[in-house]
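Have a look below at one chain only, the form predicted alone, in structure tokens format.
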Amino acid sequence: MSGFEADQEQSGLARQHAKPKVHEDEPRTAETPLALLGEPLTPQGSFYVRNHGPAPALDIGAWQCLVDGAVERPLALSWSQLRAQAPVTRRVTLECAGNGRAYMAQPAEGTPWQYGAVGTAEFTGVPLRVVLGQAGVRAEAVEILCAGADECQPDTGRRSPFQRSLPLEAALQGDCLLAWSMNGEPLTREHGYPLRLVVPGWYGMASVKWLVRVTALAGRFEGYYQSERYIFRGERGTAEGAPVTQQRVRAVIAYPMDGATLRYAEIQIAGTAWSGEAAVERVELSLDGGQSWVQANAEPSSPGAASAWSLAWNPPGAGAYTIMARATDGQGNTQPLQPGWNVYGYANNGVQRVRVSIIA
């Protein structure tokens, strides 16, 4: 067996036995195993989970999704009525706003996510704009509020469903989905069964789970998870209180794993890259501490969906090496070499470093 084949076998075994990293059982917070991020799709059972309250158990026979507010024709969609809509399938990368929080320049509030609060799946459902078109959004509407069936207890001590609003123009774009399927399977309870919103290109807090209500608003929504959290505080170069919205450009190294000891042979470095603002244009790797960069082979990308990349590396000899990967998107956004900081640890896209030892 060649060194390359051995490395591939090692990577395959790592993916096969990889388990989610669980931060909390209730409400569930768990990371996708890094080894799985080298695959085109993340299995639903391994897909990262970030819940704000216990996952509700909903009776599909009684479940409805209400569409109301500033609309001409309020709707109460049953499960059968929803599934009668013409389905659309889109590949989408969802990422928690706190992904990478553990590696910020200094400690920040919140779950200490490493690099696995992200995953890519094919979601199937009906476009949000289609349902809003059926309801007839009135001219005074400026935002679309989506509410789940879960009960959260934020810092205020008040119990309320998880609710988030989208600007009307974002809600009406063709990519937002009311999704009931993930990778060809019904959503599981922890991923929002029976229905969730999926907003490509935005951090995951926008993709509300266990959806039961869609409301057109004539004014701005000021709920806890809109105005108290998922905003930037204390970040240099960002307006105080600015909302967290689109995903920042990022590349993740899926394998080799950090701390791995590898035989001296050709090594396949692989991972995934994405950006919410534009398609990923290139992925570069440094194998000498950032002194020089070489471009990896990357699959075509689209905004809102990750692309796989790889590079065959022949180490110059035995020793310790640090692998770095950075992505650049079509808008010219490039990952910073060093992590930034903000109070809540959001949107850290500093370059990942993977340290490996090469032995003869």
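All residue numbers refer to positions in the sequence shown, first residue = 1. A quick note: this is a predicted structure, and the numbers were derived from the prediction, not measured.
The form predicted in complex with a small molecule is left out here; the points below concern that form.
Trainee: With the partner left out here, if you bring back the small molecule in the predicted complex, are 204, 207 and 210 all within 4.5 Å of it by some heavy atom?
Mentor: The answer is yes: all three residues contact the partner (heavy atom, 4.5 Å cut-off).
Trainee: Tell me, yes or no, whether residue 49 is in contact with the small molecule in the predicted complex, where a contact means a heavy atom of each within 4.5 Å.
Mentor: Residue 49 belongs to the contact set for the small molecule.
Trainee: Should residue 148 be classed as touching the small molecule in the predicted complex when contacts are defined as heavy atoms within 4.5 Å?
Mentor: Yes, residue 148 sits close enough to the small molecule in the predicted complex that at least one of its heavy atoms falls within 4.5 Å.
Trainee: Contact between residue 101 and the small molecule in the predicted complex at 4.5 Å, heavy atoms?
Mentor: Residue 101 lies outside the contact set for the small molecule.
Trainee: State yes or no: in the predicted complex, is some non-hydrogen atom of residue 180 no more than 4.5 angstroms from a non-hydrogen atom of the small molecule?
Mentor: No, residue 180 is distant from the partner.
Trainee: With the small molecule left out of view, choose which of 92, 171, 280, 96 has a non-hydrogen atom within 4.5 angstroms of it in the predicted complex.
Mentor: Selected residue: 96.
Trainee: Looking at 175, 284, 258, 190, which has any heavy atom no more than 4.5 Å from the small molecule in the predicted complex?
Mentor: Among 175, 284, 258, 190, a heavy atom within 4.5 Å of the small molecule in the predicted complex occurs only for 190.
Trainee: So which stretch, 41-49, 58-66, 331-339, 318-326, is the one near the small molecule in the predicted complex (non-hydrogen atoms, 4.5 Å)?
Mentor: Heavy atoms within 4.5 Å of the small molecule in the predicted complex occur in 41-49.
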